[in-house]
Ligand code: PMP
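Below, in structure tokens: the form predicted on its own, a single chain.
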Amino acid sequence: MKGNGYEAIKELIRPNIAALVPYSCARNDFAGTAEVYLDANENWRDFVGDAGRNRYPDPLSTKVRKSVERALGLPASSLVIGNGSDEIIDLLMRIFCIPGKDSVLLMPPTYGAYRVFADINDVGTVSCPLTEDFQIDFPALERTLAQERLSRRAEGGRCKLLFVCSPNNPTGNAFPVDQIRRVCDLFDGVTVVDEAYFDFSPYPSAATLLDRYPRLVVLRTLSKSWALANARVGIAVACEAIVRTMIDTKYPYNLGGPSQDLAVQALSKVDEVKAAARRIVEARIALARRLEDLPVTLRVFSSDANFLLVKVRDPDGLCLWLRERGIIIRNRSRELHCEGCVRITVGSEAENERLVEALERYGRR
């Protein structure tokens, strides 16, 4: 396990994970090409007519990692491919957080799965809310971390992970790299920056900080701008020590062959995907302007993602009215600082037009 960044993270890893002897599957023992495979107890038949589906997939997603390196400029050796970012988030909690003892720090309103995975893993949560305008509250963060250190001395537990979603879900705003750097300087655990919506943002990636901060993990996904939500392909970028630990701890064959093949295909279309992301940003700006002019709208928040957070007069009634007409948006009005808000994904030109027409009809009722 020892490697680049190991000294910076060894005290954070759960002792049983640090001592783990990882399972070695058949495809770890042999990664080449053969004519006869009799090593993995697979069925030699292929019932679905899709060559190779009777064989186990590459446990390291090697072709995917190489494709990510070519497409995104992230070193293949620094990557772990997950079954969606959700698997990676859960994996990080299992690696670093001792159940019933350690905790993670969240900055609500943010992606709700962080808390759910903490609850599943019996990991505590420390909350340091964003400001009312959805910015990182650095004075509050400093106080929270100072209090956490005092509690650590008294109770023995430790806050191991801090999650920053940038661009943030459901608010849509991204945090500049200098703010991520400041978080890394303040926090003595592992900072996890979730960049699921990065391709719609004007800010550089937090991955530019990895050489300086070995206790940093950056998450990406192919679910959003790469249009592969159904394939469930998540990406973690981290130092060698964290990557090695994640590989040793994850499920042996965590990403199926069909998903790996789809990822490689999508990652070959860099120019097309980037152009499509630019068009979504343009459509987001146009949709925001149209929504601002509607009677139902109280405020449209600035967004760096492929969705808009919109404050409306009656979010419950509006969502129900739209649902009855075949249009689904997300009610976020019960999230902290999001009272009265709905989240609207930027769709196709036809979908956006249908939404606006429906909202105009709603306002004329």
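Bear in mind that the values here come from a model prediction, so they are computed numbers and not experimental data. One-based numbering along the sequence shown.
FYI, the form predicted in complex with this ligand isn't displayed, but the following is about it.
Undergrad: Considering non-hydrogen atoms and a 4.5 Å limit, does this ligand approach residue 148 in the model of the complex?
TA: Although this ligand is absent here, residue 148 would stay clear of it in the model of the complex, with no heavy atoms inside 4.5 Å.
Undergrad: For residue 248, is any heavy atom within 4.5 Å of this ligand in the model of the complex, or not?
TA: Residue 248: no contact with this ligand in the model of the complex.
Undergrad: Would residue 172 show up as a contact with this ligand in the model of the complex if we use heavy atoms at 4.5 Å?
TA: Residue-level check for residue 172: no, no contact with this ligand.
Undergrad: Quick one: does residue 223 come within 4.5 Å of this ligand in the model of the complex, counting heavy atoms only?
TA: Yes, residue 223 sits close enough to this ligand in the model of the complex that at least one of its heavy atoms falls within 4.5 Å.
Undergrad: Choose from 210 to 218, 121 to 129, 189 to 197, 92 to 100 the stretch whose residues reach within 4.5 Å of this ligand in the model of the complex, heavy atoms counted.
TA: Of the stretches listed, the one contacting the partner is 189 to 197.
Undergrad: Which one, 254, 85, 259, 201, lies within 4.5 Å of this ligand in the model of the complex by heavy atoms?
TA: Partner contact (heavy atom, 4.5 Å) among the options: 85.
Undergrad: Exactly one residue in 290, 181, 115, 232 has a non-hydrogen atom within 4.5 Å of this ligand in the model of the complex; which is it?
TA: So the residue touching this ligand in the model of the complex, by this definition, is 232.
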